[in-house]
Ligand code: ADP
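Have a look below at one chain only, the form predicted on its own, in structure tokens format.
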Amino acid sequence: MGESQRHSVIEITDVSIGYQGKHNTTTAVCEHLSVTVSQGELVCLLGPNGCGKSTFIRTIAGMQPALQGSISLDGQLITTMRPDDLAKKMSVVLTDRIDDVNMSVYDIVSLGRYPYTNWYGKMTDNDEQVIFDAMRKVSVEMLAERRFQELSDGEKQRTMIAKALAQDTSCIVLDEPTAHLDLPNRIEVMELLKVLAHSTKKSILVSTHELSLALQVADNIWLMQKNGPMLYGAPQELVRNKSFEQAFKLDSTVLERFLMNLV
């Protein structure tokens, strides 16, 4: 799909994020954020610890309100959407570990169909097809009958991504999807997300601390700063204009040595 044919799926306009305290006091974590995610694009959200990445992800996902500004999905404000309608537009994979779930991989992935099933949760033939297609896309179809708690960390994360795919939304938002994985699985998951964004034409937004992987797989990067505006652009562009040194307070020679090791 050419750039001219892409449309913005997530539109964030002049958004400030933070917390509403007692007596209507507010604490802003980051202010005046304006960025977009296009169809079929993988965007990685990076930034130093404490800059508000998880707060931003929760705000985009509608889990907490923005202090100001607007967030739209496919042209509709998320503040005007009912929960079941929002669930048909955006699927979310959080960083929380789930270790004690006594359900099969199939059962977990089938939960992604909840916005579409009737009051009794009855699955149609189409639902079954979507579930198995989602498992095939992330290579867990052979694990369909396995208990989730018996899986490796990498298999668990792939299962959660399959659940998000089964939800059949235009965008997927993931908060630190590689947090509990070893290096080979971190690489596989990030590369999988890029393949899925490009092959399914879904918009995928990933909050991550994996700078090296983000530089290699992201189509665009959102770079949050503490007490500063968001920097954004293609990875090569952000390297050229020294945005990473600015955001992470790095000496340029340190970053240059780091980048040389990626080659």
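Counting begins at 1, following the sequence as shown. Since the model is a prediction, treat every value here as computed from it, not as a measurement.
Below, we refer to the form predicted in complex with the named molecule, which is not included among the displayed structures.
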Mind checking whether each of 113, 117 and 131 has a heavy atom within 4.5 Å of the named molecule in the predicted bound form? no
The stretch from 43-51, 194-202, 229-237, 66-74 that lies within 4.5 Å of the named molecule in the predicted bound form, judged by heavy atoms, is 43-51
| query | Heavy atoms within 4.5 Å of the named molecule in the predicted bound form: does residue 29 have any? | reply | yes
ask   = If you check in the predicted bound form, is residue 55 within 4.5 Å of the named molecule, heavy atoms only?
value = yes
